[in-house]
Ligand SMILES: Cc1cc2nc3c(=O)[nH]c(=O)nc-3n(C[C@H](O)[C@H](O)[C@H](O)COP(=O)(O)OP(=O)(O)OC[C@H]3O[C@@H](n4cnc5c(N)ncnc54)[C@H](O)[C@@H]3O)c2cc1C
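Just the one chain here, the form predicted alone, laid out as structure tokens.
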Amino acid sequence: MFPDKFEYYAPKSIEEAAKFLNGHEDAKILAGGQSLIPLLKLRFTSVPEIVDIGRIRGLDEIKLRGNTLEIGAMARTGEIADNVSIRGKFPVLSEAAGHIADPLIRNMGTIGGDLCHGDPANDFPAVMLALDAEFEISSADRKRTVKAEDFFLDTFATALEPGEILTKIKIQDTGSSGRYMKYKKYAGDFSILGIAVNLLLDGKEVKKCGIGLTNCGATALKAKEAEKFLEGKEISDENIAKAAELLLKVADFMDDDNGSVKFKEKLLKYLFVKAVKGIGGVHK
């Protein structure tokens, strides 16, 4: 099947792209195309104009500036998975990227496209929540910064306003470490559910905790109560179990083909315990 007709526009700068979008509110941005193109080909959606930002220089850069990791929105998933700096300083991000879909998708898909799609089953949103990332958003007349926890509003809905483009992701290096755990039916499949855990440890004491949930509700979720509970406490089986119970307060499961609510609750707690015990410095 072929998509409906559309006009194709390939700007060479963010400013040029933003100006075009400012006068074409129904236009869609094309990044890696791993979500948009299948929707168009199957005619699940149609758009009058497509703005391909893939030719804009510098939008795919991955840089560590001091203690801040800056990732351009067009950075490919595979590049994020393989980046040495990310592997060393942000293992939860590297691990999540390496488990997304398959090599073909990872070589084409972009972090910006993944985040802006707003799919609750996508893996990067939960990681951004766990890492307390910030997003740089550009339009024709301004730039603004949005925290990850304020970006994901609902299923396929984000804080992006008409005419805006996600251009950069910023993550602070605090010396923390993390894991991303997911459960899926088949290799390369979407997560039935997943969890990103990021801990700043002083021995066995948690100084700072970040937890993001994948496919546990209408959008990616930040488990604030569980985070606050663990902060200032030592890692122990008892504290981990109590934090796992607090995850269920934010999760919003439904019975479906992937399993019952009870099954998903047990699975989420299991993955959380496994993630925490797998983080460096925590005894298994």
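One-based numbering along the sequence shown. Computed from a predicted model, the values in this text were never measured in an experiment.
Another form, the form predicted in complex with this ligand, is not on view; read the next lines as being about it.
Asker: For the chain seen here without its partner, which of 245 to 253, 216 to 224, 26 to 34, 229 to 237 has a heavy atom within 4.5 Å of this ligand in the predicted complex?
Answerer: Selected range: 26 to 34.
Asker: Find out whether any non-hydrogen atom of G113 is located within 4.5 angstroms of this ligand in the predicted complex, and reply yes or no.
Answerer: G113 belongs to the contact set for this ligand.
Asker: Looking in the predicted complex, any heavy atom of Y183 within 4.5 Å of this ligand?
Answerer: So Y183 does not count as contacting this ligand.
Asker: Using 4.5 Å between non-hydrogen atoms, is S176 touching this ligand in the predicted complex?
Answerer: S176 lies outside the contact set for this ligand.
Asker: Is A73 part of the interface with this ligand in the predicted complex - any heavy atom within 4.5 Å?
Answerer: Yes - in the predicted complex, heavy atoms of A73 and this ligand come within 4.5 Å of each other.
Asker: Verify the flagged residues A101, H117 and L160 against this ligand in the predicted complex: is each one within 4.5 Å by a non-hydrogen atom?
Answerer: Spot residues vs this ligand: full contact, yes.
Asker: Have a look at E205, D141, D154, D189 for me and say which one sits with a heavy atom within 4.5 Å of this ligand in the predicted complex.
Answerer: Looking at the other structure, the residue within range turns out to be D189.
Asker: Which residues in 155 to 187 have a heavy atom within 4.5 Å of this ligand in the predicted complex?
Answerer: Heavy-atom contacts to this ligand in the predicted complex: L160, E164, I165, L166, K182.
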